[in-house]
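Coming up is one lone chain in structure tokens, specifically the form predicted alone.
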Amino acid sequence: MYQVIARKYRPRHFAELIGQEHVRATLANAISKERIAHGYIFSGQRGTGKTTVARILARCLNCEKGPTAEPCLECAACTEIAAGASIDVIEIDAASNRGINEMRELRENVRFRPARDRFKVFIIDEAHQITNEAFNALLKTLEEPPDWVVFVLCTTESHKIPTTIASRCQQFSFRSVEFGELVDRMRWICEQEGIASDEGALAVLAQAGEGSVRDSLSALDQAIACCGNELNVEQVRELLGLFSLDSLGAVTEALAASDSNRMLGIVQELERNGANLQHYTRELARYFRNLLVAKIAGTPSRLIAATPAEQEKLAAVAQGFGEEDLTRFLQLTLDIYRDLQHSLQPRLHLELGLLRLVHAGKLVRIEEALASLGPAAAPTAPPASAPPTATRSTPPARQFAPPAAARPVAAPPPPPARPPVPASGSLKDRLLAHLAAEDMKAYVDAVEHAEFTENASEIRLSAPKEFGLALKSADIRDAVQKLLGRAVKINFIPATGAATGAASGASVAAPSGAAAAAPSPGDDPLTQEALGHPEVQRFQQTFPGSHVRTVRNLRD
């Protein structure tokens, strides 16, 4: 009876394993040093050798020359384990034996010694499908089994294994097999079978496996059945429904030319040939990913699952696009693939997605857009004597003359020279002269009604309450420190008695044009304090003729 290639060339000892060196080295050392655990968890992608390694481990433990990392493959134990006929190596399919009753039966079976071999090995495949109740029934047995029992749990979804089970076992993560190792393995098998094959056909088969040895060998078996003793890359690609670089490259050609009509033609051709649009989009995403890797890492690269000749083609195509463009194309293609999974109109979604790729290819980086404008794009201030010109986006017919108030006038005459600040005299006189020279008239009246007491590090001043805010402002502090040439502390003490009465009828000096806003003698102190604030007076200077009608205390 015919035996499929995946079973016929199944590894029988550690030396024949490919891509799992970390597992092979660890288990071989453990067997050689007699540090054999009672429980193992083998997890990883399908077809990477989990069950195969479990059988090799059982063969190493029960070989007549063992325990040994190099089983003889000739004794009764080795041959029966290879044929799946050993009564001391029990393989359980957890997909169909997942309940608590099956685990109770297994627990009872553990109590009995091996019939002939050294160890009784339980290989539980698809272990993640065991129910929580069944796992709980297995906990105690898995933690403290008899000396002659070894458990091996194989799973593709290790996150579904309860932590109480995982903590009682040694865990091994099986990796996806690299593209080059898969090609080498299939080339060796073809030589053993007398099959002529080219590198392109083997590369297509390895790409179809996506890191799974069993999937790749199953595809190889199918290709041999289809093509006979000579594998042709085009026939193999057509058999597996894969797309060549030329067919996928039509999309990048349309992107380079910004040809939307060409994109629609690609979809039409796919429909005419009966291609699976979702599968095509998946291959297109892989194609853009390979282009991006070729752009970043260069070629040849182990990151790209392709032959050296195909990698050179990918590198040549990638040179016509930027890294940002390829990243954008890849993301948009992934969005198309996601939409097609639930679409009732796959052709419509694919056409729309490919057109979005074309429009995305027309985007220009903002740095390039600004650089293309040239020096003329830099804004320049219009001369003071000329009216402002219209912007480029304003049509000439919509230009209006500025109002009379806004039209430029002749430059005003230079301001009169400021009187010099005296270098001697009292601090109050010098401060008044400095405020007058700096056009800080809003503070002059406050300083005139203040008394100064000066010492080495502090200045005390007293004035009526309505001038307190002005005297405590930052502008007054800066003026005093500028005059003295050092930093000093300013303390304000509200004046009482005669001083307050003398100034009770005085009001804070207001700029010209704001006299109407000055409080009358009958105004309350809150209004006087607000109108004496420097910011209020600055506002009145900015907007002549303004009036303060109401003053409210926000604390009330």
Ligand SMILES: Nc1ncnc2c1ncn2[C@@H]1O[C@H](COP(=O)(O)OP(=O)(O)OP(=O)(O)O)[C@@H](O)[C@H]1O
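The first residue of the sequence shown is number 1, and the count goes up from there. The structure displayed is predicted, hence computed values, not measured ones.
One more form of this protein should be noted, the form predicted together with this ligand, which is absent from this view; the next part is about it.
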>> Since the partner isn't included here, can you check whether this ligand sits close to all of Ala6, Thr48 and Glu126 in the model of the complex (heavy atom within 4.5 Å for each)?
In response: yes
>> Quick check for you: of 211-219, 73-81, 268-276, 316-324, which stretch puts a non-hydrogen atom within 4.5 Å of this ligand in the model of the complex?
In response: 211-219
> Does any heavy atom of Ile18 come within 4.5 Å of a heavy atom of this ligand in the model of the complex?
Replying inline: yes
> Quick one: is Thr156 in contact with this ligand in the model of the complex, heavy atoms, 4.5 Å cut-off?
Replying inline: yes
> How about Thr52: is it within 4.5 Å of this ligand in the model of the complex, going by heavy atoms?
Replying inline: yes
>> Even though the partner isn't displayed, in the model of the complex is Arg185 close enough to this ligand, meaning a heavy atom within 4.5 Å?
In response: yes
